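As a starting point, one isolated chain is supplied in structure tokens, in the form predicted alone.
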Amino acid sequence: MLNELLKSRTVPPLPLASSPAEWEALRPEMLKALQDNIYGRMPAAVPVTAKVTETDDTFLANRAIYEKVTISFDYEGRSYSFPVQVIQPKLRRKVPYFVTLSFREPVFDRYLPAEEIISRGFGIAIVHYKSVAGDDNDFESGLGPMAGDRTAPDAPGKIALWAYAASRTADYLLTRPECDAKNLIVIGHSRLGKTALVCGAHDERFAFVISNDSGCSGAAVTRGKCGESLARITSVFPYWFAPRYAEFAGRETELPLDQHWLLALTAPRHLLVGSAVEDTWADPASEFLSCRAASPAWALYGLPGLRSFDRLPVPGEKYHDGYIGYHLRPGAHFMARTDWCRYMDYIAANKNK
């Protein structure tokens, strides 16, 4: 039933490959298609330095260490920096870290149950997105100048710059002795869920890539999507994307790809997508169908992608038996404690796999 639904929406198949080697050879071509048409070219990785500017070694009732860190680097003759807040649980073992793309700077935020995450044995690196680059058309401050000439059709938008900062944060985390390098996680909600997907597609060091309610131009397939459209998102938030993307407004079927390509670039690593029943703007059905359409990439490695019933999910269902995990939460557009708990449950069951 779901395959027929995907065909009726003319969602293009993934590029043809018959082995992991062929898929790996296609990755650069697929990334270029995403950069050229949607998010803009990703700036090249460069070495970073880090300086701890603030420390609290009795954080969260003496169960964690809090540090504020400034990450700095040089790019094309200019110096850049942005702050990251790091919370390390006091455990005598390596811990998986969430690189958490955050809407607000305070640790104790409605989208981030920090104490519960630490209690579950995870570290957190909080990247406040506006501290990286403003959520506006200003490309002069923060990392904005890295975009270069914004009249170029493939100039990077803010999503690419926020994703770049998440990868530079990973550079730093991997120098910390308590960081479990095999189980690094990138996570975001809404526009930052889109960012987490872009980061995870480009940066294969992330073992788990998590998108919460990312919707249009994120986890949801564009063709036949309800709620927010390509035309609307590129008119209201043109600075998130490459300038060329707006050319496809109202002409989605002319895009040479769809969003399941972005999801598929996580393979053979773990991908988690969370939707909310009342979030019709993001369109949970299109997010779920995208997971379904991306699954053949994992099959090339002999791994299960999305394991689900051959129908759209009902509220409260979760499918966490494959390398693509999906859940549909009751309620509205939000990064809820329920979402975090499901993601942490999945990671705990799938670490080192």
Ligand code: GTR
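Heads up: residue numbers just count along the shown sequence, starting at 1. Since the structure is predicted, the reported quantities are computational estimates derived from the model, not experimental observations.
The next section is about a form of this same protein that is not shown, the form predicted together with the named molecule.
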My question is simply whether I233 lines the interface with the named molecule in the predicted bound form - judged by any non-hydrogen atom within 4.5 Å.
yes
Closest heavy atom of E228 to the named molecule in the predicted bound form, within 4.5 Å or not?
yes
Answer yes if any heavy atom of F98 is within 4.5 Å of a heavy atom of the named molecule in the predicted bound form; otherwise answer no.
no
Using heavy atoms and a 4.5 Å limit, would one call R9 a contact residue for the named molecule in the predicted bound form?
no
If you check F73, Y172, Y111, W281 against the named molecule in the predicted bound form, which one has a heavy atom within 4.5 Å?
W281
Heavy atom within 4.5 Å of the named molecule in the predicted bound form: which of W240, W261, Y245, F139 fits that? Just give me the one.
W240
Proximity to the named molecule in the predicted bound form (heavy atom, within 4.5 Å), stretch among 187-195, 246-254, 75-83, 149-157:
187-195
Neighbours of the named molecule in the predicted bound form among 296-334 [non-hydrogen atom within 4.5 angstroms]:
H333
